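In the form predicted alone, a lone chain appears below as structure tokens.
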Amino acid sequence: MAHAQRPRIAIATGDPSGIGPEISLKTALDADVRRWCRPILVGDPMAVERQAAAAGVSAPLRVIVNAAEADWDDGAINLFAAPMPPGTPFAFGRNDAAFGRATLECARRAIKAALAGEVEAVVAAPTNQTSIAAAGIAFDGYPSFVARETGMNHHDVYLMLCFGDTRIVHTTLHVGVAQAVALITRARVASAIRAADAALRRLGVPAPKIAVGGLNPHAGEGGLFGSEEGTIIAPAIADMRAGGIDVAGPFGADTMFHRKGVDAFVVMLHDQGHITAKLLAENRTAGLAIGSPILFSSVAHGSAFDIAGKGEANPAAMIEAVKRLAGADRAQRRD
């Protein structure tokens, strides 16, 4: 792909004390990543430099103010600075309120770059919920954070888990099961289906096929095990089908994933999607926040404090996330 045609992708480095900066550095230097996009890291320069030294990364760091200052021809790593307050002590593998604030500041700076057109997409490294909570910040995952930062209702941005050719969209996410059931309305299910269709088209799938799972065992078994499929989910599917979306269901959530020729599966509850993804693609799953004005993805593994600073972190999930947004997966399937 020609240099000027490669998308610019911001990589928010996540919790500075975890493996986020390390896998971000490794991803930005990956030859295949550079073939498909122009990466720009977003993070605290001091923390990134400490992580680079610990991981044995010798590429120079270029701190930039805007995308026009970036250069990908000299082997340097471009970095949008999102600095922590001067004098913030740094340590590997430690919970700290300062690190929680820094995590979200990286993501915020990357989102602003995407909204301003400085980058075409954002990929975020892992957060650490304990550090964010210590900072007194309400945070229940990147999708709702992206919603707030882009001026949307936090219930209108959905999580799409991606691995290989499989994509799973969650109608509800980080809420208790009782609250999740209350959130499952005809309008919300329809909104999740609509967001899935739009995201797939934006990712280059010209005619998406979507399958929707049920809430109850066996998708309610015709009303024997619950009524939500008949009163909420099936009507929402019918609404979207009438609007031109190729969607079918509801199917039993325990068997739906065996269906072939499906571009995305829509599930009702967090665990219906996450258990499937983590069993089938351990440490290779990326999350895509869909329904917002920007393309935003994140890796689905944690900040791994136990190996932070040891140079052992595997960047495979982040590399896959970056390449997916850059279009490499679609090009390789065409080949």
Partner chain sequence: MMRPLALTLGEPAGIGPDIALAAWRDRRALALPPFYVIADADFLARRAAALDLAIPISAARPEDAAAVFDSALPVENLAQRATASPGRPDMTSAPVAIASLRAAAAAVLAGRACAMVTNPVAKNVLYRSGFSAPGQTEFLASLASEATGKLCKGVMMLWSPQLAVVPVTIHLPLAEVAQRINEDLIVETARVVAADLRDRFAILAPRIAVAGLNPHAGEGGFLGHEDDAIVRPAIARIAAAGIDVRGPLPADTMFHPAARAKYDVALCMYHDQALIPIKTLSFDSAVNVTLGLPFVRTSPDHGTAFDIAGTGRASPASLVAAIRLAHRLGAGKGAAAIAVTG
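Numbering follows the first chain given and starts at 1. Computed from a predicted structure; not experimentally measured. Just so we're on the same page, rigid core means the largest C-alpha set that superposes within 1.5 Å between forms.
Same protein, other form: the form predicted together with its partner chain, not shown, and the subject of what follows.
- In short, of 190-198, 217-225, 116-124, 239-247 it is 217-225 that has heavy atoms within 4.5 Å of its partner chain in the model of the complex.
- Between its partner chain and the residues L159, A253, I210, I111, the one pair within 4.5 Å by heavy atoms in the model of the complex involves A253.
- In terms of contact with its partner chain in the model of the complex, the residue from V175, A81, L183, A134 that brings a heavy atom within 4.5 Å is V175.
- Although the partner is absent here, D271 lies within 4.5 Å of its partner chain in the model of the complex, judged by heavy atoms.
- Heavy atoms of L280 reach within 4.5 Å of its partner chain in the model of the complex, making it an interface residue.
- At a distance threshold of 4.5 angstroms between non-hydrogen atoms, I275 is in contact with its partner chain in the model of the complex.
- Core-superposed comparison between this form and the one not shown: the CA of H218 exceeds or equals a 2 Å shift.
- A138 shows a C-alpha shift below 2 Å between this form and the one not shown [criterion: core-superposed Cα displacement of 2 Å].
- Relative to the superposed core, V177 shifts its CA atom by 2 Å or more between this form and the one not shown.
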